[in-house]
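Encoded as structure tokens, the following chain is the form predicted alone, with no partner shown.
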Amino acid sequence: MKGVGKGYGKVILFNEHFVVYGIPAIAAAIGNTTVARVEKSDRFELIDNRPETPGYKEEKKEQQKDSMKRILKAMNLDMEKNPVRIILEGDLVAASGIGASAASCVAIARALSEYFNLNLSDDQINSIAYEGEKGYHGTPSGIDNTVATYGGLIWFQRREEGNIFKRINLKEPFRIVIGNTGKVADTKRAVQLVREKKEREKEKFDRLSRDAETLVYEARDALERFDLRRVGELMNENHRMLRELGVSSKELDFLVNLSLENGAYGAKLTGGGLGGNMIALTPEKDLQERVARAIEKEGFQVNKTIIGGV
């Protein structure tokens, strides 16, 4: 008896951090996934064979244990009575900013559901993965696990009475480059820094939030019209806002500027910031290759992938 499940990696195109405070965000699944396999064992064990940014898995080990406990509790599974071995693999690099933790939570929940014949719906998987995400992020927005579960390009708004998420339809998929700073980011710390800024500089935070809300509606319109030049301009603006929040880093800014110098339509950090990954909008194949080469030449890891194809 075996169980297999997968979760999508993701990028946030607009409004990470602002999304925690009820401002809409836009996120997209990418063409890379984490796969979980569950098999019978005489004791519970989790074997993590995912490719990684060096040090990521070791640094997240305690958070992963906490997350696993939360998933098992949410699924009402007792590993002492029914021990299993969970093996994590796939082509999504375990790194900061691309939804690695959410993808693993979704993959694990789906694999356990199949193994124990629970027949859980996507909505139930999403709820379980949200509980798992608490182990990594404290108070997650819910956006990562939603994209990891359903795929696609998603408009997401956090609401106390229930999160809103809608698919955004694209005319066709488009290419992006993901540049990895190589720095493992602490998302909990980034979220805390933003919270402190909100309390300390309320007027500035409120202004940025209003600007971010105006921007994301314009970005949705540009995506639906498939005006990728405008999408790129808005990505640049969103990165500037995130810098003002204090969640960028010198490595992220370097990769953003390098991408723009090599012709990217737009570029910004993605995810919690303070390290992790950035994304560059590179719709044409030769442009994607050029930007990827420029980043690799500087010694950084890249992922050439698509949005709208999963």
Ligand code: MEV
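Every value quoted in this text rests on a predicted model; they were computed, and no experiment measured them. The numbering used is simple: start at 1 and walk along the sequence shown.
This protein has a second form, the form predicted together with this ligand, left out of what is shown; the following refers to that one.
- Interface membership of L215, defined by any non-hydrogen atom within 4.5 Å of this ligand in the predicted bound form, is ruled out.
- Contact annotation for V19: at least one heavy atom lies within 4.5 Å of this ligand in the predicted bound form.
- With a 4.5 Å cutoff on heavy atoms, H137 counts as touching this ligand in the predicted bound form.
- Although the partner is absent here, I295 lies well away from this ligand in the predicted bound form, with no heavy atom inside 4.5 Å.
- Here the chain stands alone, but in the predicted bound form its contact with this ligand, taken as any heavy atom within 4.5 Å, falls in 265 to 273 among 279 to 287, 38 to 46, 265 to 273, 51 to 59.
- Though this ligand is absent from this view, in the predicted bound form it lies within 4.5 Å of a heavy atom of just one residue from I143, M235, I128, A185, which is I143.
- For the stretch 1 to 16, the set of residues having any non-hydrogen atom within 4.5 angstroms of this ligand in the predicted bound form comprises K10, I12, E16, in sequence order.
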